[in-house]
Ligand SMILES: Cc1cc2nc3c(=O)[nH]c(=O)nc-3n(C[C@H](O)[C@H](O)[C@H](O)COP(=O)(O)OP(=O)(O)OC[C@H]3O[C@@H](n4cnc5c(N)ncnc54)[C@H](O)[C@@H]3O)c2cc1C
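One chain comes next, on its own, written as structure tokens: the form predicted on its own.
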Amino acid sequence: MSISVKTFASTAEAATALSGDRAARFMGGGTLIMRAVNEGDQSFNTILLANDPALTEIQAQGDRLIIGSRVTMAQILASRDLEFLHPVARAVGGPAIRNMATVGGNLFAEHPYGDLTAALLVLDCQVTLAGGQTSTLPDLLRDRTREPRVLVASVSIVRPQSGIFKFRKVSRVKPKGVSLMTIAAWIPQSGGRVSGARVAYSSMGPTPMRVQAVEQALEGATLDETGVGNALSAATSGIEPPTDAIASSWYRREVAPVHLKRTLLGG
């Protein structure tokens, strides 16, 4: 099957084309879509591109940062404003992949990918779609395979204070393996106790997700061995991890508390 490529000057034009053609896919960087092409994926026959410069911009706006959907992992690593995301971007493949992989593409990357998305979930991410509509990230993840497909223009995240944001990618192949699980955490404290924690996993379900049982268990706790005990007990509460070629559901359940503890306490 032949593939046609259509390029548009604006994000809005590309979004219109995407919403009107179920056999079209928008390409951010191409790490996943070009692999699908090479593997003979028959679900699409058109690739859409947009040359809108806003898609590759990083802007500071008060205490938030606006990141265009075609910003690459390499651009994140080169940005001082996004220094807190450097460990996350560095966990995405090797240099060649980081030069291609985009923020927007990561939002649509299915298991075992989506490491950046887990981080965005805890950073109060708001998604702006082409045309100006907004969406929460959990809503986008819930609806990302529905038709008509949407085109993400940018994401907005908070800029965390030092020490609040934590990230860990667990992989059996280092340094560039796919995720057995990924953990991102936002751990603010007040008076020496956790207040308003946000914790997210990827590769532990059909999409990256917030882990509410862990968040609730951390509320009011001290960030030490004793204080995080209830959170570790709740590490997989309400979650059904997948079984795949990387690990079984049982194994993911067994190791989740270990890696959650290392994330929270820095071990």
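A residue's number is simply how far along the shown sequence it sits, counting from 1. In this text the structure is predicted, and so the values were computed from the model without any measurement.
This next part talks about the form predicted in complex with this ligand, which is not shown.
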Run the contact test on G29, M73 and F108 with a 4.5 Å heavy atom cut-off to this ligand in the model of the complex and return yes or no. yes
Interface stretch in the model of the complex with this ligand - options 96-104, 76-84, 157-165, 185-193, non-hydrogen atom within 4.5 Å: 96-104
Does L180 make contact with this ligand in the model of the complex, using a 4.5 Å heavy atom cut-off? no
Give a yes/no on whether R253 approaches this ligand to within 4.5 Å in the model of the complex, heavy atoms considered. no
Taking this ligand as it sits in the model of the complex, is H259 near enough to touch it, meaning that at least one heavy atom pair lies within 4.5 angstroms? no
Using heavy atoms and a 4.5 Å limit, would one call V152 a contact residue for this ligand in the model of the complex? yes
Let me know the one among C125, V170, L141, A91 whose heavy atoms come within 4.5 Å of this ligand in the model of the complex, would you? A91
